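We begin with a single chain expressed as structure tokens, specifically the form predicted on its own.
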Amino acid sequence: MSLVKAKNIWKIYGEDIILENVNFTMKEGEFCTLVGPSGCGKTTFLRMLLGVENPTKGELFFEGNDYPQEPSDERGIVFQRYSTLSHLNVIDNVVIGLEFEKSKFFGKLFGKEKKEAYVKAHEILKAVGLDDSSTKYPHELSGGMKQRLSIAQSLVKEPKLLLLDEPFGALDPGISKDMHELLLDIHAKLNFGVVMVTHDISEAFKLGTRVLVFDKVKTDKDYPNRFGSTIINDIDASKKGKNNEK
């Protein structure tokens, strides 16, 4: 069974066509990167997969069922801008997601459930290399450490699909390289599905098992928004040597 399936998806705002006839199927554990020119609808498509945008036309499925109409714990999201809470330390930034997941009314856990949440949070912080910084606050962290924390916040709820919107675009090249290795390592161990938007072609091929190229097939210079973007190329990048890029 496919994890995500998009069938003839369109997104239209008024007279502007953003996406046109997008077809896409991904299996569990695939790492799909989305590339294309600015404004071609990559982030709009990602927002559909998160559940905060609905297709104007077409069908979208998650695990063979109608796509959820709002965000859920099955789909985690990491943005370029950090999602950390400044008044909580690192481990509590991770635990709070478990508290709202398991105690939607009170937003707090107690006793055995609370202890289990902290054990789980420590495990994911160890996986992203932040366990030694668990008592620090976000303002004490570097940019790379904050992004590690954002990833931990999403992964602690064990999503089946992780959505990434240019998560490393604001980081220095050296830090980005470290984050790439971290993400590949975690993905190999946990085998969740990933859809990632990036403007960096080399990053797309380094991380993705598939690289999906978005662009407009048809253009009209007098009416530039008459036609939308679609997936013009779906490249199998799974057989590359990920550790041999130049």
Ligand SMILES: Nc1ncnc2c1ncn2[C@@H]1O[C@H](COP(=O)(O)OP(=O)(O)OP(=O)(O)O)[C@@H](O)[C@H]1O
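Heads up: residue numbers just count along the shown sequence, starting at 1. Since we're looking at a predicted model, the values are computed, not measured.
Beyond what is shown, the protein has a form predicted together with the named molecule; the following relates to that form.
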Picking from 199, 177, 218, 57, the single residue whose non-hydrogen atoms come within 4.5 angstroms of the named molecule in the predicted bound form is 199
Contact with the named molecule in the predicted bound form, heavy atom within 4.5 Å, among 182, 40, 50, 211 goes to 40
Testing 64-72, 201-209, 30-38, 182-190 against the named molecule in the predicted bound form with a 4.5 Å heavy atom criterion leaves exactly one stretch, namely 30-38
Full three-residue contact with the named molecule in the predicted bound form, heavy atom 4.5 Å, for 18, 44 and 166:
yes
Check your understanding: With a 4.5 Å heavy atom cut-off, would you call residue 225 a contact of the named molecule in the predicted bound form?
Key -> yes
